[in-house]
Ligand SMILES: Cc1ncc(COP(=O)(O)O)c(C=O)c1O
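As structure tokens, one chain now follows by itself in the form predicted on its own.
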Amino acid sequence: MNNQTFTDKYYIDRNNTSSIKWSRGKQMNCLPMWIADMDFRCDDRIIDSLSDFIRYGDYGYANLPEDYYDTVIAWHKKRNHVTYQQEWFRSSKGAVDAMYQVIHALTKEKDCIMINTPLYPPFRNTILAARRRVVESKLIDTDGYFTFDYADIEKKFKEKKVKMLMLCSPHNPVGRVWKKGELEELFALCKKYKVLICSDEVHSDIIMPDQTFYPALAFKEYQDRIISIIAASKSFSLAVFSHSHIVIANEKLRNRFIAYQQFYHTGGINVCNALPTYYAYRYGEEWMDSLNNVVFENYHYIKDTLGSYLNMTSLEGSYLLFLDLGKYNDQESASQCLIDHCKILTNPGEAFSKRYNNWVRVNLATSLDNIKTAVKAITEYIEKTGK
């Protein structure tokens, strides 16, 4: 379906709901374009299937649908050309919880773990909460196109004796979908220095139409050191159900992880929370493709109208745009500048790395009308500054 038809059918007014994103916006009298969830409801078949489950009224102990794993595996094989095995799967209460468990299970206290910044804050916070040490390798920014600094990564792998790399793929907030060659070079360094790879791939369904996503576990040569985190939560805006998977091909690593989950009793699956993922992967492909087209259109509208004024990331994946207010920012934080002058609520860039206080993260998973409202407010502010 075309973008307007999709928006007309699936856009929802969240102003009078319990939405964190829109409640904060209403409280601050701002258009909310911050927290990473969507302003679109799921495909009707997903909603109807969940409604049927609720209406039937059987809320006792339950198994997953018999074809649950077949459905999840088929989705990723068709869309991302990776073949998972059912025995590789473990479950957790969301991606951040999965990261925390992976770090605890497969590294030791005071081990060094690398992140590539700017980066979604829970990566750093989770490492520190687990009493490990953060090793930061800054991404190279070339006019909004971010790449790995391989020389810096190798230097720190060697000097800091890094035990794990926390990879964000696609990357939040810079929107990169890493190319095959980029990942091969990175994984070769991990193999050389015996570094495990934890690849957070929860945005992997939100890929712009001109890009190709490469799952970490598709690189068979490096499977023995890779742990992938996958979920439908970002793809279909299912965050309220708190469900994700940890996928581990290496049997020894997987057994270590299973032993950790058994000891701390963290590996159970809430069937009610898993069903939305199942239904989304059964029925949601057309919806997913349409959503990606809407995000792509929103991105190009911002790029075409604000690109001559502002530096921004080249959006390849996710629905999150990193935007640089640069010389137009008159506050310590660009996010505060947008609140004060444009009545737009965004995520502050300094949350992703201290040096990015002139940047904001903007959520594009909304209607084009909301995008136009935001662009108009920013354009008027820029013109008013006379810069």
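Just count from 1 along the sequence shown to find any residue number. In this text the structure is predicted, and so the values were computed from the model without any measurement.
Although not depicted, the form predicted together with the named molecule is the subject of the following passage.
- Screening 175 to 183, 286 to 294, 269 to 277, 90 to 98 for residues having heavy atoms within 4.5 Å of the named molecule in the predicted bound form returns a single hit, 90 to 98.
- Taking a 4.5 Å heavy atom cutoff to the named molecule in the predicted bound form, the contact residue among F236, Y120, Y84, Y281 is Y120.
- The single contact residue among V202, I103, V247, I197, judged by any heavy atom lying within 4.5 Å of the named molecule in the predicted bound form, is V202.
- Mapping the unseen interface onto this chain, A36 counts among the residues with a heavy atom inside 4.5 Å of the named molecule in the predicted bound form.
- For C168, a non-hydrogen atom is located within 4.5 Å of the named molecule in the predicted bound form, even though that partner is not displayed.
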